[in-house]
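In structure tokens, one chain follows: the form predicted alone.
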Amino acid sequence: MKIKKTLYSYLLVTPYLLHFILFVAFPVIFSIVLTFHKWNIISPMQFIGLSNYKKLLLDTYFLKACYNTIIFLLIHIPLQLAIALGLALVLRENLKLRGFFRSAFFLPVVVSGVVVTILWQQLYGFESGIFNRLLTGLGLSRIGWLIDPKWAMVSIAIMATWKNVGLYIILFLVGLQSVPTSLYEAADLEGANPWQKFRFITLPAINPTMFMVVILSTISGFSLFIEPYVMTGGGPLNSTLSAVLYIYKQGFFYYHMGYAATLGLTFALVILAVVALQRKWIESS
């Protein structure tokens, strides 16, 4: 009987083990092995030792791509937090059509990223885009949203925030609903104003939610690919070349699969380090 239970237990976990081996363990191990080889998919792999890592240290384009990604995160994450939390605070109240607005804000999350990107590409059009039409209607100059290196990454960050903010509104709503109403009632008796209640009750209570939103936004931001790929192709002047887009080009444009694996592994370690630092900072604050 004991042997049957053991076999039954192993049988239950077999699908997960097969999935882990085929889609997690094998790709990771193969990617690490690939970093020591030169491979263009067609020809056999050629062992080149640490040459890919030496090339990485001198690759200014990869540094530029990482810099662009960091700039995107510095714009995107604070904007995402502020808008998502602000809208969640509003939607927490007993408003008319509250359910409709919650669904409306979440809708862009489930829409294809390519569709959203093409839509915003039209909105950002220099001559006929709605945003520039509004500016010229107010007597202001047009902005090269996607053709000016100073504005291109900002424009992508704004679009990405609009696309993803609905998910974080839901997360903040869940966190806000877990705050005991008795705390606010006690604060009212003490004469606390709305800012004091927000600063000393709401923020500490939703700190775990805040941590989750920051981590998810960071991982999503580091994965920036569809937006620059469709809207700008990494331009103008490589100002929107993200790290993932650069890795993709190395692998599937130039067929430098070994070098692309090296870039991917290095970038994964960078993400891990940034997330660990964020967690330490949020938990200590």
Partner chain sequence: MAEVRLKNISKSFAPNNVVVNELNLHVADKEFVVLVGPSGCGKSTTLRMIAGLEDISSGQLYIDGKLVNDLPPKDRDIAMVFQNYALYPHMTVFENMAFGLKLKKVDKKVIKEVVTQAAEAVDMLEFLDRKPKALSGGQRQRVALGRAIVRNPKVFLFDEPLSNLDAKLRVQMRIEIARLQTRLGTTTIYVTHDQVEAMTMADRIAVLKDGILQQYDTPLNTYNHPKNQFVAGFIGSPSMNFMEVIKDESNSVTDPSGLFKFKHSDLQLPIPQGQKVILGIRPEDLYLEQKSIASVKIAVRVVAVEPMGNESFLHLQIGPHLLTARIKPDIPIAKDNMIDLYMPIHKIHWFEYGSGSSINTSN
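Numbering follows the first chain given and starts at 1. It should be emphasised that the depicted structure is a prediction, and the values quoted were computed from it without experimental measurement.
The form predicted in complex with its partner chain exists for this protein as well; it is not shown, and the discussion that follows is about that form.
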Exercise for the section: Only one of 208, 137, 99, 191 comes within 4.5 Å of its partner chain in the predicted bound form by heavy atoms, so just point that one out. Expected result: 191
Practice task
Name the residue from 186, 91, 176, 215 that puts a heavy atom within 4.5 Å of its partner chain in the predicted bound form.
Solution key: 186
Handout entry: residue 201: touches its partner chain in the predicted bound form, heavy atom cutoff 4.5 angstroms
Key = yes
Handout entry: Exercise: residue 103 in contact with its partner chain in the predicted bound form, heavy atom 4.5 Å
Key = no
Exercise for the section: Please run the contact check for residue 196 against its partner chain in the predicted bound form: heavy atoms, 4.5 angstroms, yes or no? Expected result: yes
Exercise for the section: Consider residue 182 of the chain shown here, and say whether it contacts its partner chain in the predicted bound form, taking contact as heavy atoms within 4.5 Å. Expected result: yes
